[in-house]
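Below, in C-alpha cells: the form predicted alone, a single chain.
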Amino acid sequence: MVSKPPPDATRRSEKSRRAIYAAALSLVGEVGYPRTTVEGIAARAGVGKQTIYRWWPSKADVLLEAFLDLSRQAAQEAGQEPYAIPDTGDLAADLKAVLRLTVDQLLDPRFEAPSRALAAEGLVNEPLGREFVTKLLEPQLQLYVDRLRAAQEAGEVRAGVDCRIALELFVSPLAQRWLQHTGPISYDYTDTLVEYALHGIASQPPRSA
C-alpha cells in the first residue's frame, strides 16, 4: 500500500494567511477598528487565535500587512509589480499613470471601507497612526520623491525644488477629496492635479525681484 505524502505545511500556512488577511480587512470595514479583535479575525478566518499571535503581535500588524498585500495585488493586476512609479522620461505622463492606478485602488470596494476605517482611527489613535504612516504611507511617498529627483537630475524639475514638498501638490489634494468626500475622484481630476502642479496656475511667470 502506498502511503500518502504528508500535508504541505507551507501551502496550509499560506492558505491560512490569506484567510486572515481577508477576514481582517472585511471586519475593520464592517465594524471599524476599535471593534475589530484578534478573536473576531480568527473566527472569521477559521483559524485559532494562537495562529494569528504566532505570526503577528497585534491586530494593527495584521491589518497593516493585509493592506500591504492588497496594494501588491492591485499593482500586480495593473501590471505594475513590483509597485513603482515608471520612468519613461515624461514626468507628467508617469505621474498621471500612477495616480490613475491610485484612483482605481481608492474606488476598489476591497480597499475603500477598511482604508477609511484605519485612516479615521489613525487620527485619534496616535500609535496606530504613526505605524500606518511609517509602514504603509511613507514607503509609497518615497517612490514619488525618487521619481521627482530623477526628473530634477534630467532637468524636468527646477533645481532647488524640495521634492518631498512638491509631491504633496498632487498627492494631498487627492487624499483630502477622497477622505472628506469634498468631490468625486477620477482620472480627469488627477490628470488636472498633475498639470496644475507641474505648470502652475499663474497667467504669466512672476517678475524677478
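Heads up: residue numbers just count along the shown sequence, starting at 1. Everything numeric here is computed off the predicted structure, so don't read it as measured data.
This next part talks about the form predicted in complex with a further copy of the same chain, which is not shown.
Margin query: Given a 4.5 Å cut-off on heavy atoms, tell me which of 174 to 182, 34 to 42, 66 to 74, 53 to 61 is the interface stretch with a further copy of the same chain in the predicted bound form.
Written below: It is the stretch 174 to 182.
Note to self: At 4.5 Å by heavy atoms, is each residue in Ser13, Asp104 and Ala150 next to a further copy of the same chain in the predicted bound form?
What the structure shows: Not a single listed residue reaches a further copy of the same chain in the predicted bound form, so no.
Notebook entry, point to check: Counting only non-hydrogen atoms and a 4.5 angstroms cut-off, does Tyr187 reach a further copy of the same chain in the predicted bound form?
Noted result: Taking the distances in the predicted bound form, the answer for Tyr187 is no, it never comes within 4.5 Å of a further copy of the same chain.
Note to self: Is Val124 near a further copy of the same chain? Define near as a heavy atom within 4.5 Å, in the predicted bound form.
What the structure shows: Taking the distances in the predicted bound form, the answer for Val124 is yes, it comes within 4.5 Å of a further copy of the same chain.
Note to self: Just checking whether Ile85 would be counted as a contact of a further copy of the same chain in the predicted bound form - the rule being heavy atoms within 4.5 angstroms.
What the structure shows: Ile85 lies outside the contact set for a further copy of the same chain.
Check: Does the 4.5 Å heavy atom contact test between Leu143 and a further copy of the same chain in the predicted bound form come out positive?
Finding: The answer is no: Leu143 has no heavy atom within 4.5 Å of a further copy of the same chain.
Notebook entry, point to check: Relative to a further copy of the same chain in the predicted bound form, which residues of 111 to 148 have a heavy atom no more than 4.5 Å away?
Noted result: Stretch hits, in order: Arg116, Ala117, Ala119, Ala120, Gly122, Leu123, Val124, Glu126, Arg130, Val133, Leu137, Glu138, Leu148.
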